[in-house]
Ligand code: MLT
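Here you get one chain, nothing else, as C-alpha cells; it is the form predicted alone.
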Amino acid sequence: MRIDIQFLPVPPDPLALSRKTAVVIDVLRATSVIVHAISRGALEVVPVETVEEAFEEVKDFPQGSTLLGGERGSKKIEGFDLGNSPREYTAEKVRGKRLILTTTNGTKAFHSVSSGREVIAGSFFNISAMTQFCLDRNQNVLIYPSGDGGRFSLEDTVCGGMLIDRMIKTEGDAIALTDAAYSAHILYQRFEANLIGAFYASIHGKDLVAKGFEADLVYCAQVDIIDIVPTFRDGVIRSR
C-alpha cells in the first residue's frame, strides 16, 4: 500500500485518484465538525462551497429538517443556525437533522477529491477508526489536507502524519511512503507528545485564538473519542 499526502489543496488528477482512498483533513475545524455532528446523530452533512449555495440548498428540504452551519473568517455566517465549532454540534441540536455546511477551506476540499474510490472525513477525533478503514480497503491512500486559503496547513499535515504513523505501526514494511508522506510523518513525530502545540504554532490556530476560539483548539486536539468514519459520496457525507 502506498501513501501520499498533498501539501497544497490543488485538485489531484481524477483518473489517478479513482483508484485511491482520499482522506480529507481540516482539523480546525470542518472535518472535526463533520465527524462530531454525525457521531451526535446528524443524518448527513452536505458540504457546499458557497454561502449562496447553502441558502439555495436548504430550500429543497422540509422546514425544520435541515440546519445551516459553517463560517467565513472563522465566524458564524449571518442567517445560519450554527458556526464552525464542533462543540456547537450537540445531540440536542443535530440528532435526526440534515446539515448543510460551508466553510472557507474544508467543504470545498471534498469536491476537489470527489473522484476518489473512497472519500472520507478525518480528524484527531477518529484517527484509529480511519486508520482501520484505510487498512481494510487495502488501496493506495491520498491524504488531502484542506490547507489555509490555498496555503500549506501545519495542523492538517500533522494529523495526516499521525494517520501515516498509525498505518506504519500496524502494517510495517507493507506501507510505502512518498517523499511527501515521509516528511509529514517526521513532522508528526515533532509534535507527537504535544499535538495541541501544532495548533498554537500554526497561523490558523493563532487566528482562532485571537478571535476567541481557543477552546476549539483544546477540543479538536482530542484523540480517538469517536469511532466512526464519515464517507463522502454523491455530494453527501454519511456514516459508513
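Residue numbers run from 1 along the displayed sequence. The structure presented is a predicted model; accordingly, all values stated were derived computationally and were not measured.
There is also a form predicted in complex with the named molecule; it is not shown, and the following applies to it.
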Check your understanding: Even though the named molecule is not shown here, does G122 get within 4.5 Å of it in the predicted bound form, heavy atoms only?
Key -> no
Check your understanding: Does the named molecule come within 4.5 Å of any heavy atom of A184 in the predicted bound form?
Key -> no
Check your understanding: Does G160 reach the named molecule in the predicted bound form if we count a contact as any heavy atom within 4.5 Å?
Key -> no
Practice item. Examine N126 and determine whether its closest non-hydrogen atom to the named molecule in the predicted bound form is within 4.5 angstroms. Key: no
Point to revise | Sole residue of A54, A198, L208, A42 within 4.5 Å of the named molecule in the predicted bound form, by heavy atom | key: L208
Practice item. From the candidate stretches 70 to 78, 89 to 97, 160 to 168, 136 to 144, select the single one in contact with the named molecule in the predicted bound form, where contact means a heavy atom within 4.5 Å. Key: 70 to 78
**Study point:** Contacts with the named molecule in the predicted bound form - residues in 126 to 159 whose heavy atoms fall within 4.5 Å
**Key:** none
